[in-house]
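Heads up, the chain below is alone and in the form predicted on its own; it's given as structure tokens.
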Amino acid sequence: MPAADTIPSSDQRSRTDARHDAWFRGLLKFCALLVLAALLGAALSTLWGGREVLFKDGFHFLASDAWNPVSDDYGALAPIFGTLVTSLIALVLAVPVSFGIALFLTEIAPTWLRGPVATAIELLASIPSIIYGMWGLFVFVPFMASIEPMLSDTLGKLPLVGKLFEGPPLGLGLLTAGIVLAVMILPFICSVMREVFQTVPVRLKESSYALGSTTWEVVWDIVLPYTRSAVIGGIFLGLGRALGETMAVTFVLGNAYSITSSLLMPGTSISSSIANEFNEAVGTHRSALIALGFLLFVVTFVVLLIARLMLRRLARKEGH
């Protein structure tokens, strides 16, 4: 039998556990603060690097679409326009397809088919962006160049959307970049939707089916309301990926500093502008590119902030 004084008392164990818990909480707090410090450091470093352009002629930089390194005349409007337009096209194309695939895998597909399709989607998400860019340049751009005359002859003659499909059949352009981005972000949005759709309790869906509901009614009245917040979060996750994509967009966008109403014309984005010109940039040119990086940070932050506000608003409504 061990001596009585060698057996730890309950008070000693409590003090030891409390000390270990304090260390663990401190470690977790340090990790959280480290992430915030890295985020703040990235924002401040890009702001400081672009101070020569942002603080000297900030309004002109934000409102102008000029980009002339010879005369040191720089404007961020064209890259911001291209970034937002291509991301919006990608979102419009990817969200319905992702929604349909996720619903098919969770509600309709037979069991033997769900595994292979889900694996294929995960493999799409693992493909590097430069591979998408090469595929877009060598395969998809010639295909778009062959069908753009048909788009101009048909959709280009419509009264409201006709200007969106005017222009020469170059293949390179905003529409091509948006479609390539849609292919890239589709696996991320689809995977999130599929996972959250699987969290819906089976009893809720079976009860709805027992009352005579169709599959669409079960999806619209049971699945979507139950997973609405998570679905919106997955959509904005894909949007964040599209906003910051670099290589795939650089290959197929055309890299023209212009703002046009046609989706078939070349354009540029913030990330592609930085990737194309940063190696040769010096002085004010380099500061302008770093300022573009800061603007991309701001745009992404605003998008994610809007997502958080929407999710909070939905949560408040669900609480009521």
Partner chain sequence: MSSSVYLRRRIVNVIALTLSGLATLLGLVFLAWILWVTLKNGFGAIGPRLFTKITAYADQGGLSNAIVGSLIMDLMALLICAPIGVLAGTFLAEYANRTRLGATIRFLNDILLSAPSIVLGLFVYVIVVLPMSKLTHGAVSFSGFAGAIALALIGLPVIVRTTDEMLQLVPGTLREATLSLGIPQWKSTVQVLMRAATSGIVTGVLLALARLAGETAPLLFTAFGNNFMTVHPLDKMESLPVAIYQYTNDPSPDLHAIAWAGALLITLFVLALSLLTRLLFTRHKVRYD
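The term rigid core refers to the most C-alpha atoms you can superpose between the two forms while keeping them within 1.5 Å. Please read these numbers as outputs of a predicted model, since none were measured by experiment. Residue numbers count along the first chain shown, from 1.
Although it is not shown, the form predicted together with the partner chain is what the next lines describe.
A.B. asks: Choose from 153-161, 68-76, 245-253, 81-89 the stretch whose residues reach within 4.5 Å of the partner chain in the predicted bound form, heavy atoms counted.
C.D. replies: Result for this chain: 245-253.
A.B. asks: Work out which of Pro225, Pro168, Gly100, Pro201 lies within 4.5 Å of the partner chain in the predicted bound form, going by heavy atoms.
C.D. replies: Partner contact (heavy atom, 4.5 Å) among the options: Gly100.
A.B. asks: Quick check on Leu124: any heavy atom within 4.5 Å of the partner chain in the predicted bound form?
C.D. replies: Yes.
A.B. asks: Answer for Pro149 alone: is it within 4.5 Å of the partner chain in the predicted bound form, judged on heavy atom distances?
C.D. replies: The answer is no: Pro149 has no heavy atom within 4.5 Å of the partner chain.
A.B. asks: Can any non-hydrogen atom of Lys205 be found within 4.5 angstroms of the partner chain in the predicted bound form?
C.D. replies: Close contact is absent here: in the predicted bound form, Lys205 is far from the partner chain, nothing within 4.5 Å, heavy atoms only.
A.B. asks: Quick one: is Gly41 in contact with the partner chain in the predicted bound form, heavy atoms, 4.5 Å cut-off?
C.D. replies: Gly41: yes, in contact with the partner chain in the predicted bound form.
A.B. asks: Looking at the partner chain in the predicted bound form, which residues in 195-227 have at least one heavy atom within 4.5 Å of it?
C.D. replies: Going through 195-227 in order - heavy atoms within 4.5 Å of the partner chain in the predicted bound form - the hits are Gly212, Ser213, Thr214, Thr215, Trp216, Glu217.
A.B. asks: Is it true that Gly26 shifts between this form and the one not shown by 2 Å or more at the Cα, once the core is aligned?
C.D. replies: The answer is yes, as the C-alpha of Gly26 shifts between this form and the one not shown by 2 Å or more after core alignment.
A.B. asks: Relative to what's shown here, the Cα pair Ala118 and Arg308 differs by 3 Å or more in the predicted bound form. Does it come closer or drift farther?
C.D. replies: Closer: Ala118 and Arg308 approach by 3 Å or more in the predicted bound form.
A.B. asks: In the predicted bound form, do the Cα atoms of Arg194 and Ile306 sit closer or farther apart than here, given a shift of 3 Å or more?
C.D. replies: Closer: Arg194 and Ile306 approach by 3 Å or more in the predicted bound form.
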